[in-house]
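The chain below stands alone, shown as structure tokens; this is the form predicted alone.
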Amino acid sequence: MLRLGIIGTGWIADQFVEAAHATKRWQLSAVYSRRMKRAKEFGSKYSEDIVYFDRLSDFFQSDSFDVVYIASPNSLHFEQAKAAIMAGKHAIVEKPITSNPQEMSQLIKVLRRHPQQFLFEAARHYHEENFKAVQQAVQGMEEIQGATLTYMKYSSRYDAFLEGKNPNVFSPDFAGGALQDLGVYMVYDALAWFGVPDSVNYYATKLNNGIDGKGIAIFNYPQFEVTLQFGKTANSYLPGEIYGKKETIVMDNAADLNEVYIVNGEGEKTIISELADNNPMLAEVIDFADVLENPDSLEARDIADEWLAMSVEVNKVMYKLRYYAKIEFPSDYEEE
């Protein structure tokens, strides 16, 4: 049984724990929150045998867990993941894994000094069968003429922002914004399905604090372009499309991938997606468990290395998009 520690007590941490427990291969055993009351409120839903912490140093020194899932604000991911690895814990970090390539590079160096530990980015859809179905369909295309991918969901925290508050997800101090929160899904899509682009552009619609509420990114490939539209200040119901010669791959949206089908030149539709799991994190917790339960397997190590290599490439592209749009975070100027 994999013993799980949690940093972050929001809804996404609940979703991860519920998926983990559903597999019968994980057990929540430790919870950290800045407020002890909140930590206990979170953990009491799952077990009576949980250790609670409100000091992060005590949490990492504890032998009550082996793997930590980090679902704190984006700007805290790097330091917490580094502390976890140095404490001998495996780290699963909610996307985006770090705020910039400088942090990612430092994290990789720490990981190399602790070769027994694993580091995963929790990009849930990357592990789902429907994501892989799209990837396989793209590889089977005779010709690719581009794609338009959309993922835009109105954030409940945007109302708080409009009221003059400063929620983490819309704060540059916490490495927030539409690209970091939702755009990252489509960066994964583009890199996994089409490869690393030659260049990227990002036309961000900025809020009054300089953060991006929504935006359009364009990935330039030698023979085609891929357009990504994402945002947290509006809702979109547009499907995603990938254009072949005569056929088109269509998806409900580029992150949830609940329904994916191919339309041929005669307009005939062939569904290539499976029924999605009720919990979208189930696929990733199974994949992570497969690796963590076989730490000495060369195959498991190779798989984990492939995932991490993709995370590194995604991180680089995310930074290029921010740089193009002149979106800056405090961590961009911190020295190693």
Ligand SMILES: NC(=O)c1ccc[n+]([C@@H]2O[C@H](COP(=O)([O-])OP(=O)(O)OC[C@H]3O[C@@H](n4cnc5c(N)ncnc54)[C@H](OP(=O)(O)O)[C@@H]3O)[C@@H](O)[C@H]2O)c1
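Sequential numbering from 1, following the sequence displayed. Keep in mind the model is a prediction, meaning the values are calculated, not measured.
The same protein also has a form predicted together with this ligand, omitted here; what follows describes it.
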Note: this ligand not shown here; in the predicted complex, the stretch from 298 to 306, 66 to 74, 43 to 51, 264 to 272 having heavy atoms within 4.5 Å of it is 66 to 74
Touches this ligand in the predicted complex: Ser29 (any heavy atom, 4.5 Å) = no
Hey, in the predicted complex, does Asp252 get a heavy atom within 4.5 angstroms of this ligand? no
Is there a non-hydrogen atom of Leu292 within 4.5 angstroms of a non-hydrogen atom of this ligand in the predicted complex?
no
**Prompt:** Looking in the predicted complex, any heavy atom of Met281 within 4.5 Å of this ligand?
**Reply:** yes
All of Asn100, Phe194 and Lys320 with a heavy atom within 4.5 Å of this ligand in the predicted complex
no
Within 165 to 193, the residues having any heavy atom within 4.5 Å of this ligand in the predicted complex are Asn168, Phe174, Asp181, Tyr185
